[in-house]
Ligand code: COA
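In the form predicted on its own, a lone chain appears below as structure tokens.
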Amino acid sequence: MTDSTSPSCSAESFARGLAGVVAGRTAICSLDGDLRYRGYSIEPLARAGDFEEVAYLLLHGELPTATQRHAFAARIATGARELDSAVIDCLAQLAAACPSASPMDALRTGVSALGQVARDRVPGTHDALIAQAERLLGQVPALLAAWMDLAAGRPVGPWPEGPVARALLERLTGRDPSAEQAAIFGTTLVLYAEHEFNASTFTARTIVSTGSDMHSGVVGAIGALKGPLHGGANEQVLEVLSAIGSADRAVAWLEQQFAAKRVVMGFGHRVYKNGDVRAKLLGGMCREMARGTPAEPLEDLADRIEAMMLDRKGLRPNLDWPAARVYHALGLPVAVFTPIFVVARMSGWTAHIIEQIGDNRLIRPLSLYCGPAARDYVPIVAR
């Protein structure tokens, strides 16, 4: 209920959803004209598709040498292969009780359990935080793969050799991916790795600003990313494409959505008003990958929808639009689309957590009260 005596509660007096509000400083990512990680434009990083290289850059501040990258990748792989048995046992019991549970819930629970096993209670030194982040970069994709095995009633398989992109794709599909498949999957991880003060990253920073630990920050970030207005949008993109079915049905389906004033997932972005640079990059790669394959009709449908959304609504695709199509073409189940986002964004989240801890101030915004005006308490016997 809005208090008519409080004009300060008008929509013009505050920023709904903190839109346009600068809430802090970061040296990790910038969105001013071009998406940049630590000063490097996203395009060459995405085309290289080397997730380990980008994760190292986000955590350590510089691109690695070949020797540094090799050692970094080895530490990540060690984290993936050394999940504590207590955590696996916990997931196994949960999978037996509720195998249809969301993999996002499993990741949230798994990271919390990892924090308990690691006795992660208070922030440590910078070097200790970096080591913790590197372990999580390996542990989280391994957790995802383990959950998918357990939920399907299979024993947990071993973590494969090779980069995270290739290893995770192999674990989730049960097939040895081609070099081209591993490359475009790696590109999606690079594109999802970091994006400034988005909802999940801001959640993580807020949590650790209280003096809490890295695992708690990541658990909160996973919870934020689960929502369909953030990370969960990529799953809904495929639902949109499946509901339409073919390019000849696109116009009628979209007209129905427009008439009902429903949001079409995969379009528009709070920051990018002239189009998401990540979607442009991945969209072109997706079309190349699909040419001459069974995925090509889906690309024709996507093109038709993009054209109509731009013409009628002035909206361009965001990253979730092509990413969902790439994951579908790679044979990945829809249930892992958002968890893959988690795997990638672990690099950005942990970098922000370390940055927040290194120059901390408790994040505590104000609010505008819009309830009843001041009134007197009446004892219960007199009410």
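Don't overthink the numbering: it's just position in the shown sequence, from 1. Since the structure is predicted, the reported quantities are computational estimates derived from the model, not experimental observations.
What follows is about the form predicted together with this ligand, which we do not show.
Only one of 180 to 188, 290 to 298, 309 to 317, 81 to 89 places residue heavy atoms within 4.5 angstroms of this ligand in the model of the complex, namely 309 to 317.
In terms of contact with this ligand in the model of the complex, the residue from 162, 115, 268, 124 that brings a heavy atom within 4.5 Å is 268. This chain is displayed alone, yet in the model of the complex one of 175, 154, 262, 249 has a heavy atom within 4.5 Å of this ligand; that residue is 262. In the model of the complex, this ligand lies within 4.5 Å of some heavy atom of residue 228.
Heavy atoms of residue 233 reach within 4.5 Å of this ligand in the model of the complex, making it an interface residue.
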